[in-house]
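This document opens with one chain alone, in C-alpha cells, the form predicted on its own.
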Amino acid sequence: MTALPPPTTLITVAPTGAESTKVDVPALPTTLDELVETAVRCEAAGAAMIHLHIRDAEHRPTLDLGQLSESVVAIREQTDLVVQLSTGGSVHDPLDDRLRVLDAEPDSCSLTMGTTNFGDDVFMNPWPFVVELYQLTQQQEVVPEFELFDLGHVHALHRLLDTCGSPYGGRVHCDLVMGVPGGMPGTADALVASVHALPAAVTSWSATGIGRTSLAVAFASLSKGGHLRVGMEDTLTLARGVPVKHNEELVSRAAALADLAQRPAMSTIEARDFLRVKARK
C-alpha cells in the first residue's frame, strides 16, 4: 500500500499593507526592489503565496495600474510565488480603482465579503461591488481569496456562491481576518465559530491574526486544519518590545509552527495546484 504524503500548510506572506508608514516602520518593504528582495527571502523561508499592496515614490499606498503590473512581473521573474494582489487597497481608494486591479493579471486577488469598521475608518465593500468584482475574477480567470472579517461576511459568502456560482479554478479559498478593531476577535472561539459556518463549497481556508492575536490565531488555525497568513501588514512585533526586522522572520516562525503541527510548509508548485491558479508565467 502506497503511503499518502503528509498534509501541508499554505503560508501566505503579506509584507506591506496600506496602514503602516515607512517613517514609523523603516523595515517595511515599500519599493519594488524591497518587495522583490522580500519575496525571494520569504519563498526560501516557506511562503508559497505573496499578498501585495503597492506604494508610490513617496511610500504612500497606491493602486496605480502600471506599478501593480510592474510588481507582478518582477516577482514572477524572481520567484515562483503565487502572486495575489489586494483589491482592498487603502480604505480611501475608490471602488472603480479597486476593480481595475485585476487588469494587472495577478494569479489571485483578495475579495472582501462586506463592509466593516476598520479601526477609526470604514472599509467599504457594498454588495453590488462585491458581486461585480467576483464576476470580473471569473471573466479574467483570477482566483479570488475571500476575506472574512466577521460572521456576517461568512454568510455573505453563502449568498455570493449561491448567486454567482463557483470561482475560476473551482476551488473556494477563504482567509479569516481576525483581531481588526471592528471585526471579529482573534480568538480560538471566534475561529471555530467561523469555520463551522463556512459554506460546504469551501475547499480551504487560512487565518490571519492581527497584532498580538497572531500567535493565538496561528495555533488555532493549525489545530483546526487551516492555513496561515503572516507578514508586516498584520504584525510588526515578534514579541512584546521586539520589532520585526524582516518579513522572513514571520514566515520562518510560521513554517516552524507548521512543522511542529506535522503539516510542513507547502511548496509553490503544490500551492498552484492546490488553488488551481492559471499558468501565466
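As the structure is a computational prediction, the values presented were derived from the model and not from experiment. The first residue of the shown sequence is 1; numbering continues from there.
Beyond what is shown, the protein has a form predicted together with a small molecule; the following relates to that form.
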Assert contact_stretch over 84 to 92, 201 to 209, 188 to 196, 159 to 167 against the small molecule in the predicted bound form, heavy atom within 4.5 Å, equals 84 to 92
**Report entry** Partner proximity in the predicted bound form: S110 to the small molecule, non-hydrogen atom cutoff 4.5 Å
**Finding:** yes
Quick check on E43: any heavy atom within 4.5 Å of the small molecule in the predicted bound form?
no
Notebook entry, point to check: Heavy atoms within 4.5 Å of the small molecule in the predicted bound form: does A18 have any?
Noted result: yes
key: Contact label in the predicted bound form: H53 to the small molecule, heavy atom within 4.5 Å   = yes
